[in-house]
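Take a look at this one chain, the form predicted alone, written out in structure tokens.
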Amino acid sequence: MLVEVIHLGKGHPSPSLLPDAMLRQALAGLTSARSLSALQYRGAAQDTNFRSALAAFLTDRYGHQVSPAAVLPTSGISLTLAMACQVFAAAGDTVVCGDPTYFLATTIFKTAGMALHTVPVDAQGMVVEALEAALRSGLRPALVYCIPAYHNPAGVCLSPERAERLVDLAETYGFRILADEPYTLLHYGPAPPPCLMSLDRGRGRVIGLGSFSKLLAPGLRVGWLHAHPDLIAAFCAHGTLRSGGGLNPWMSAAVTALMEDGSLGAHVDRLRTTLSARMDVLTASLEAHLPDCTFQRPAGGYFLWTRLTSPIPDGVAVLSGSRCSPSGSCREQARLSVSLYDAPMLQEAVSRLADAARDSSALGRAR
């Protein structure tokens, strides 16, 4: 069937990646005692089953010891970002982010009344050297927002040297780091890069934000906070948590069951294999049919960041680079995703892009 528009810009999982049967089984298997507990008001810190299961899961996957006291269930990264702006900053404070960056994060910061300061992102992630220069010149942010692993949209990882320096700067200058890490466990190779909390070393500077939106399904609205226990306690004092109890405890109970019985780990491994194979197809197709397009192949995650100078045809939609740039730059860049389509559709999308490039070139020669 011919698809009218192939939406390469969307960071959505394809239906085939959504484990609906597995989730239904997890919910059906909840014991009466656990399900009744999950249906009641309950503070997020009281969800000890989730915290213990998540700590064990992350310890295994990160290769770094994670304590149950250092994690907390949330309802996903977006709401957690908004709450973090209220807990760890105030309206009028400055937040530093990369350029480019996740395009909806800046909306959250602006809604919180924060001022944006940007630093470049290159092949080694956020240019921490540029941040350090700004700090030495007087910049005093409350928060630095970064995407350390398989950056959205750039697909790159923060280099170990820059990651270490970033946490050191946070200690020296008194800011906290919001580490947006939804893609870390979707590595294509044998091991992911270290989570940024592994470099915190008890200093209370890193606030890791994780999500099951990419590991299971976006509609679950389940994620986690990974930080020093003192920061966890500060977060739990937020009025939303004090009033509403836990954040989505019913679905957290289902996710807990999947972590405990090993289903989540097996599913994540399947995701990694599928996404890696799709990225192989996308990059090979681009190299074969659009040799002028330039990119760095990601080692994990959803996204490929590429330079596309030819017109985008009506049959393909991409996320333009300027939407990902707080300064409105990156106009020749585009974010392409491998999450929504399988190999044949990715090949068809590149074919359409290549046809448009040839038509544009032919038109230019005719003029």
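One rule holds for the numbers: they count along the sequence shown, beginning at 1. A quick note: this is a predicted structure, and the numbers were derived from the prediction, not measured.
The same protein also exists as the form predicted in complex with a small molecule; that form is not shown, yet it is the one meant from here on.
Though the partner is left out of this view, residue 278 does not reach within 4.5 Å of the small molecule in the predicted bound form, counting heavy atoms only.
Not displayed here, the small molecule is kept clear of residue 249 by more than 4.5 Å at the level of heavy atoms in the predicted bound form. Although the partner is absent here, residue 208 sits far enough away that none of its heavy atoms falls within 4.5 Å of the small molecule in the predicted bound form.
Proximity of residue 175 to the small molecule in the predicted bound form: non-hydrogen atoms within 4.5 Å are absent; the residue sits far from the partner.
77 is the sole member of 77, 253, 85, 71 with a non-hydrogen atom lying within 4.5 angstroms of the small molecule in the predicted bound form.
For the options 193, 155, 182, 141, the one in contact with the small molecule in the predicted bound form, meaning a heavy atom within 4.5 Å, is 182. At a distance of at most 4.5 angstroms from the small molecule in the predicted bound form, none of the three residues 117, 324 and 331 contributes a non-hydrogen atom. Remark: of stretches 281 to 289, 132 to 140, 117 to 125, 145 to 153, the one touching the small molecule in the predicted bound form is 145 to 153 (heavy atom within 4.5 Å).
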